[in-house]
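Heads up, the chain below is alone and in the form predicted alone; it's given as structure tokens.
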Amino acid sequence: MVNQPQKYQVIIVGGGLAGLTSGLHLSNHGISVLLIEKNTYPNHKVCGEYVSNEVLNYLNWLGVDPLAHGAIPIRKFQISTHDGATTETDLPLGGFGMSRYALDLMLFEKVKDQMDVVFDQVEQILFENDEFTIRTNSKSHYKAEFVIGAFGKRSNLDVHLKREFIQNRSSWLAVKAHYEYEFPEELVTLHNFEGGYCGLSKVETGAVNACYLVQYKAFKEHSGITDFQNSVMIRNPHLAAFFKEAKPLFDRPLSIAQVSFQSKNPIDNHVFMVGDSAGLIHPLCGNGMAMAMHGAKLISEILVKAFKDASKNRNSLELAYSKAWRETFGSRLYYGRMLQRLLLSNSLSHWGVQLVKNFPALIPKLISKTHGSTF
């Protein structure tokens, strides 16, 4: 006798911030949820690890409190040009610093007893007869009415689903590591260098997270991460001081290639995409983690209402989510692209820093263009 696949109302593919948050939200409302994640917790990920306070009330509503788990309150922002010219301002909403190692684990500990979690790699997402079938690497398969895709920036599933953006190669590489270094707790900094930019901020352990994004064409001219840092990044005096004095806490930095900022569809093949699967804001905006959780809130609210009202017309739900996602994030992604072009130009970034030095009120206004309000 062939075992019948277990059925759920919702299956979430990917257990990062967006996947865990949507799972927590849905299961809190009594919806049967399966979360499939390929890696066990905890683990470090390439990430800026600064979170805007726009999601703090939402996390508290879900029953989790990052500050109670040691997250570092952050309220000031500093930016420097390639040659080290700086300006500083208060952050309009503020935020907190917390490693993905701790934040993902905190959310996982909350969800593991109220929904099913499977550690496996999804190979196929099939949609037939108004129902999803999920097949995994271990030959298991599951069925669901709805699927949420939270599998990150770039995945083999994007190839399987024939998503448009995956056909184009990306020119960006991201690198991250933790360091022991004297650094103000309340500050997040963004230091520009030739071909990229590096963010610094403290996390719950007291370590400084250094995460930078660099164009691959600039990076490939050097023999590796250390050579690039010592040859290019140190031309910015702030980064020169950091890499001279900071003590690495990882055996080696983490890196991820092919980081894509191309437009993505928030729905593909009837899968509701959330987090980086739906669209990636430039890390210089420092808001990708909050966006992932905000996106999880959007789709969770739509599905909770659909199950409550027994109004599960797929086309209507897809239109509602697509509209909500674009209204919430479309302008943020646009301004993120504009700011990146500005900062990657030597002359324009220097001019921009000088401008905001003379008119400091401009920075909070620019930041607000890539951040939401509290909810």
Ligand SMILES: Cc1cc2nc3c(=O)[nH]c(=O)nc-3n(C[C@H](O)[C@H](O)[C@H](O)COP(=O)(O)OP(=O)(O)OC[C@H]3O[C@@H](n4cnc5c(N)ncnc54)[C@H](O)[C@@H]3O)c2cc1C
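Start at 1 and count along the sequence shown; that's the residue number. The shown structure was predicted, so the numbers you read here are calculated from the model rather than taken from an experiment.
Below, we turn to the form predicted in complex with the named molecule, even though it does not appear here.
K.L.:
May I ask you to choose, among 294, 110, 238, 100, the residue with a heavy atom within 4.5 Å of the named molecule in the predicted complex?
P.N.:
Exactly one listed residue reaches within 4.5 Å, namely 100.
K.L.:
Looking at 313, 57, 39, 331, which is the one with a non-hydrogen atom within 4.5 Å of the named molecule in the predicted complex?
P.N.:
By the 4.5 Å criterion, the partner-contacting residue is 39.
K.L.:
Within 4.5 Å of the named molecule in the predicted complex, counting heavy atoms only, one of 47 to 55, 319 to 327, 305 to 313, 65 to 73 shows up; tell me which.
P.N.:
Heavy atoms within 4.5 Å of the named molecule in the predicted complex occur in 47 to 55.
K.L.:
Would residue 275 count as a contact of the named molecule in the predicted complex, using a 4.5 angstroms cut-off between non-hydrogen atoms?
P.N.:
Close contact exists here: in the predicted complex, residue 275 approaches the named molecule to within 4.5 Å, heavy atoms only.
K.L.:
Is there a heavy atom of residue 229 no more than 4.5 Å from a heavy atom of the named molecule in the predicted complex?
P.N.:
Residue-level check for residue 229: no, no contact with the named molecule.
K.L.:
Heavy atom to heavy atom, is residue 146 within 4.5 Å of the named molecule in the predicted complex?
P.N.:
Result no; residue 146 lies far from the named molecule in the predicted complex.
K.L.:
Can any non-hydrogen atom of residue 271 be found within 4.5 angstroms of the named molecule in the predicted complex?
P.N.:
No - in the predicted complex, heavy atoms of residue 271 and the named molecule never come within 4.5 Å of each other.
K.L.:
Even though the chain is shown alone, can you say which residues of 139 to 158 have a heavy atom within 4.5 Å of the named molecule in the predicted complex?
P.N.:
In sequence order, 150, 151, 152, 153, 155, 156, 157 come within 4.5 Å of the partner.
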